[in-house]
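Next comes just one chain, in structure tokens: the form predicted alone.
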Amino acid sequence: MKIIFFLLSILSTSSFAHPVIYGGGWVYQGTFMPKMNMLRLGHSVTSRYALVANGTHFKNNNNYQDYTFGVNVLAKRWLQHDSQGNLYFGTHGGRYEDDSGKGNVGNLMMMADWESRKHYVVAKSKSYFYDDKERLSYTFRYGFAPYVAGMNTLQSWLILQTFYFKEQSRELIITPLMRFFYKNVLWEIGYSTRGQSYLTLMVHY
């Protein structure tokens, strides 16, 4: 019974941030920083794969922006008594535009996470292929819940995020975050060590 309650808790909270959610679910995510914005609209056809539309803008990277469409796949899930781990892959393609021109772009994404009701770890990499170039970004997160909340109540997490994208910032961006869940809404607010505000909004249906 305990593992059933844990799985229901994961599906009602942390799964909001996953590249694939429950079958039939829709998710909108927007991440906003002063010089970097990322948007995602996804539909999980099953609990194993999702169709995704993305929009990205990196102001410091030659004012780069793209619009892509693709698929995210849950490749593997490890279920334990009070935790779970996941491995995801994604491939997307579309068009980009920057100050030097426009053309086709392709993305590859890999993400691994592990979480319990108290701890949360994520590692993610994403590549951008365009104009005979390959750009790589890396994100790592660790978070913990200061208290364990019940389902359908406000849930809070404290998270430390590190992000590196050479062409965007040329140095590691470290951002302490506060994350909140309530029913089908997630929001994160933070402020990086480089003085940049950070906001994420996510809604699922």
Partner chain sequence: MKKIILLFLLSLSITLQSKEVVVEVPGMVCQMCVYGMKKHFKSAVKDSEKDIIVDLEKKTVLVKLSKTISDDDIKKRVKDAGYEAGKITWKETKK
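Numbering follows the first chain given and starts at 1. All values derive from a computational prediction rather than experimental measurement.
Not on display, but discussed next: the form predicted in complex with its partner chain.
Trainee: With its partner chain left out here, work out from 104-112, 75-83, 91-99, 121-129 which stretch has heavy atoms within 4.5 Å of it in the predicted complex.
Mentor: Among the candidates, contact is made by 75-83.
Trainee: Exactly one residue in Asn63, Asn37, Thr139, Ser47 has a non-hydrogen atom within 4.5 Å of its partner chain in the predicted complex; which is it?
Mentor: Only one listed residue qualifies here, and that residue is Ser47.
Trainee: Of Ala53, Ile174, Ala149, Ile159, which one comes within 4.5 Å of its partner chain in the predicted complex, counting heavy atoms only?
Mentor: Filtering the options by heavy-atom distance leaves Ala149.
Trainee: Verify the contact flag for Gln29: yes if a non-hydrogen atom of it lies within 4.5 Å of a non-hydrogen atom of its partner chain in the predicted complex, no if not.
Mentor: Output for Gln29 is no: heavy atoms all beyond 4.5 Å of its partner chain.
Trainee: Applying a 4.5 Å heavy atom distance criterion, does Thr68 contact its partner chain in the predicted complex?
Mentor: Judged by the heavy-atom cut-off of 4.5 Å, Thr68 is well away from its partner chain in the predicted complex.
Trainee: Should Tyr22 be counted as a contact of its partner chain in the predicted complex, where contact means heavy atoms within 4.5 Å?
Mentor: Tyr22: contacts its partner chain in the predicted complex.
Trainee: Is there a heavy atom of Ser197 lying 4.5 Å or less from a heavy atom of its partner chain in the predicted complex?
Mentor: Looking in the predicted complex, residue contacts with its partner chain do not include Ser197, since no heavy atom lies within 4.5 Å.
Trainee: Taking heavy atoms and a 4.5 Å limit, what residues of 92-127 are near its partner chain in the predicted complex?
Mentor: Glu115, Ser116, Arg117, in sequence order.
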